[in-house]
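Presented below, as C-alpha cells, is a lone chain in the form predicted alone.
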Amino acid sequence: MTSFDVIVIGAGPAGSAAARKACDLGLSVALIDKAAFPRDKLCGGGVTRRAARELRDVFGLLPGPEALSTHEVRLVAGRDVLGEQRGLPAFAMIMRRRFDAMLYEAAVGAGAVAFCPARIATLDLQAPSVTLQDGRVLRAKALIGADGANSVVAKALHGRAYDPALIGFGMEIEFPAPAGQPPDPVVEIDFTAAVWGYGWAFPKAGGLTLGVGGRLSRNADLRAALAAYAARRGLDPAGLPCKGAFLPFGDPRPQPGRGAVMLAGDAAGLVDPVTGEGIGWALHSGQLAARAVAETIATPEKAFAAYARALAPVQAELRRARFLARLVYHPQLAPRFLRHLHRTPRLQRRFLSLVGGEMDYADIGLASIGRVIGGLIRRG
C-alpha cells in the first residue's frame, strides 16, 4: 500500500497521537520515523496532569507500570534551597524509551502502517508525497509533520526548522540507582544550572535523570554546566553516556502548516518556554491535527485552516507563558524572582501548579503577571 489518507512523519508522542486518532477516525495512515522503536529521547520524563489526561483521552492508557509516582518537589538555586513542597498531586516519572515505544505500538496496533526505520529522500508538500531513500513513494491527501525540533517538514514549509536565536538545547545523563537502594522520590528543579533555562533531577524507578537545558545562544558550554550540576549533587558522570538535543521552547511556529500540511508537537514549537514541558502539547496537537484531516478529508487543502482554529487556544496559552518566561529567566529580573519565590510558599505552590499542568497561564492572567513583574522592578 502506497496511498493513504494521511502521512505522519515522526512517531514520537505527537506523531503516535496523530496516527492513533486518525486510525480511530477511520483514516488510513502511514507512520514514518527515521528510528526503530524503542529508541532513546532526551527528556526529563515528567508526565504532567495535562499529559496524563491527553494520554487517557487519545490512547486510553496510563503512563505505564514502570512509572515512578512522586509527590515532592524541591526548588533550588545552586546550593541554596528556595523551597520544598510535599503532598503535591502525583507526577509520573517515565523513561521516554519505554513510554514512546508504548505509544508507537498503540498507533500501529490501531492500524497505522509503519515505515520505521526509514529515511526520507524527498518531500513534496504540494502532492503531498514522500519518497523514501529505498525508492518507495508514499502519497496521501494530507501530511502531519511531527518530526521534532529538527523537522524536515518545518524546513520545507519555512526554509528552516527553527530560529537559532531562540532554540534551546538540553543535555542529560541517566544515573543508575545504587544496588539495593530505593530511588530518592524528590523532583528537583535548579533555576541556576543554565542561563535562560534550568536543571532537573527527576527520579525514576531505576535511577535518576539529571539534565540541564537553556537557550542555546546564551549557553556556550552546557556540558560543563551539566558536570557542575552533577558535582553539586555528589554524582560522578564518568563513563556514563550523555544525550543532547534541541529544545524548541520559546520558538513556536506562528503558522504551523499550510494547505493540507500541518506541524504538531516540537515541530510546531509547542513547548512551554517556562517549564520546558512538551509531552502534553505534543499529544494534544497530534490529535487535533488528525481531527482536522478527518473533518476536511473531502477537501484536504482546508485541513490546516481547521487545525489552526483548533490550535489557537494552545498558541494563546504559550504566548502567556512567554510573557512569564521574561520574568523567570531575564538576567535582571530572575534574581529578584528567585528571592520572591524563596520568601513566598504560596508562589511556589502556584508555580508548581503550572509545572504540573493543574493550572493554565490563563488562570493567572497577563495583568497579574504584569503586576508581579512591576513589583519586582520597583523592589529591586
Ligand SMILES: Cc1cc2nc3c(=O)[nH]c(=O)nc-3n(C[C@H](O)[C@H](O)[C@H](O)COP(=O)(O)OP(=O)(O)OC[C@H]3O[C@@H](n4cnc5c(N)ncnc54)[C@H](O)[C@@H]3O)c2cc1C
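The structure displayed is predicted, hence computed values, not measured ones. The first residue of the sequence shown is number 1, and the count goes up from there.
We do not show the form predicted in complex with the named molecule, though everything after this point is about it.
If you check the named molecule in the predicted bound form, you find no heavy atom from any of Pro203, Pro273 and Tyr329 within 4.5 Å. Partner proximity in the predicted bound form, defined as non-hydrogen atoms within 4.5 angstroms of the named molecule, places exactly one of 275-283, 136-144, 292-300, 184-192 at the interface: 275-283.
Heavy atoms of Leu288 never reach within 4.5 Å of the named molecule in the predicted bound form, leaving it off the interface.
Using a 4.5 angstroms threshold between heavy atoms, His340 stays clear of the named molecule in the predicted bound form.
Contact annotation for Arg96: at least one heavy atom lies within 4.5 Å of the named molecule in the predicted bound form. Contact check for Phe175: no non-hydrogen atom falls within 4.5 Å of the named molecule in the predicted bound form.
Only one of Leu226, Ala112, Leu247, Ala260 comes within 4.5 Å of the named molecule in the predicted bound form through a heavy atom, and that residue is Leu247. Residues Asp147, Gly148, Val152 are the members of 147-168 with a non-hydrogen atom no more than 4.5 angstroms from the named molecule in the predicted bound form.
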